[in-house]
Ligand code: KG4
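Just one chain follows, in the form predicted alone, and it is written as structure tokens.
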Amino acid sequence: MKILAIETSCDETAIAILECEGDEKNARFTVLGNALFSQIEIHKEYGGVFPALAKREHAKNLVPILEAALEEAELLHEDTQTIPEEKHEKIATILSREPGLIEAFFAFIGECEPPPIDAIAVTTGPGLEPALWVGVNFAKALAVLWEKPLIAVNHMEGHLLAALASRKQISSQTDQSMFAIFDVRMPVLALLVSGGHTELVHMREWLTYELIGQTRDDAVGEAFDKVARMLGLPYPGGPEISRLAEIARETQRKNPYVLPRPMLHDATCDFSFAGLKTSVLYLLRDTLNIREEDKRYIAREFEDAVVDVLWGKTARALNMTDTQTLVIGGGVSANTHIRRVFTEKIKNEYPHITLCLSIDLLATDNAIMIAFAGFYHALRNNFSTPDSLTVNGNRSLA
């Protein structure tokens, strides 16, 4: 099955085309084409993602990204196509709120043959609703034009499945990537950490989820970005905090700063990072003449506090469940210290549990993971139509 996947939940415009085979217990994915445009440089001056600007950039970039993915997959065949009037009118209605996209769409589609794909998967939430709608409307337009079924994908489910995927080398003669999800020991506990989410989700059976814990205020990625702004660091803040923290750790000196570990010892698996963020604000307010060295140690203490809380809550969830596989997914899962601490803790304290971490290519937002989730839902015939597909910026996985 060939799946074209579209991801526009935040500030990455991504499209991937995958050849998908197998079943839930043994799935194989060959990446035929993969194109992504990051808006990080555009949003830097705002210190975070500006939704209206993200929406505009998605509308501007979706057609070029589609063309690049089709070309890489060798599925781009130029030929003048006449779009029936009925389809033209329906597509025009679907894209009526995307004036920058509609013109580019018809210009491109009128000059290429329909590619041999079987379905179109698209992120429908969670995320920024204006950004999500651009991708969903684009997917609807393609589905009408090419007469293909649609698959609604939960963005966080994509992150979970991406962490379960291992990379396989096809051959030295090709640049294609192959991924496989196989021999997953159930049940799975997933720690999903991103700019908008911090949650622990239990998957006892494929695609069946139970929420074990979640943040009561700020998501961990949001806290990283806000603390980075307090320290005068550029956006995105997470990698900058991590970079300074690693420099401080290399000195092997005692950290002169101490921050709280919110909710670490309470009886739930919930998180809270707003208080920790506020503690950094007060620390900076009360500390005179902040030097670059001070920033490094504050970054280290903040990151240490975050990871202590993430591990403490995850360990509590592991003790409450019969988990056999622990997954860490989402953009924040790329954090070096999180990976180091969780690897050591699982090895030393829970050696019977398999730890799965996303490879770098799949840790941040991408369309490959959306295709993974799309395939699993296609196996169950969980398809949508253009008329039924909608967006939910707060869509929950469990």
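Residues carry their position along the shown sequence, with the first being 1. Small disclaimer: the values here were computed from a predicted structure and weren't measured.
One more form of this protein, predicted in complex with this ligand, exists but is not displayed; see below.
This ligand is not shown here, but in the predicted bound form it comes within 4.5 Å of a heavy atom of Asn335. Taking the partner from the other structure, this ligand in the predicted bound form has a heavy atom within 4.5 Å of a heavy atom of Ser194.
Under a 4.5 angstroms non-hydrogen atom cutoff, this ligand in the predicted bound form lacks Gln39 among its neighbouring residues. Contact check for Gly331: a heavy atom falls within 4.5 Å of this ligand in the predicted bound form.
In plain terms, the part of the chain that comes close to this ligand in the predicted bound form, with a heavy atom within 4.5 Å, is 153-161 out of 74-82, 153-161, 285-293, 115-123. Out of the listed residues Gly213, Pro236, Pro262, Pro130, Pro236 is the one that sits within 4.5 Å of this ligand in the predicted bound form by at least one heavy atom.
Interface residue among Glu98, Glu199, Asp225, Asp218 relative to this ligand in the predicted bound form, by the heavy atom within 4.5 Å criterion: Asp225.
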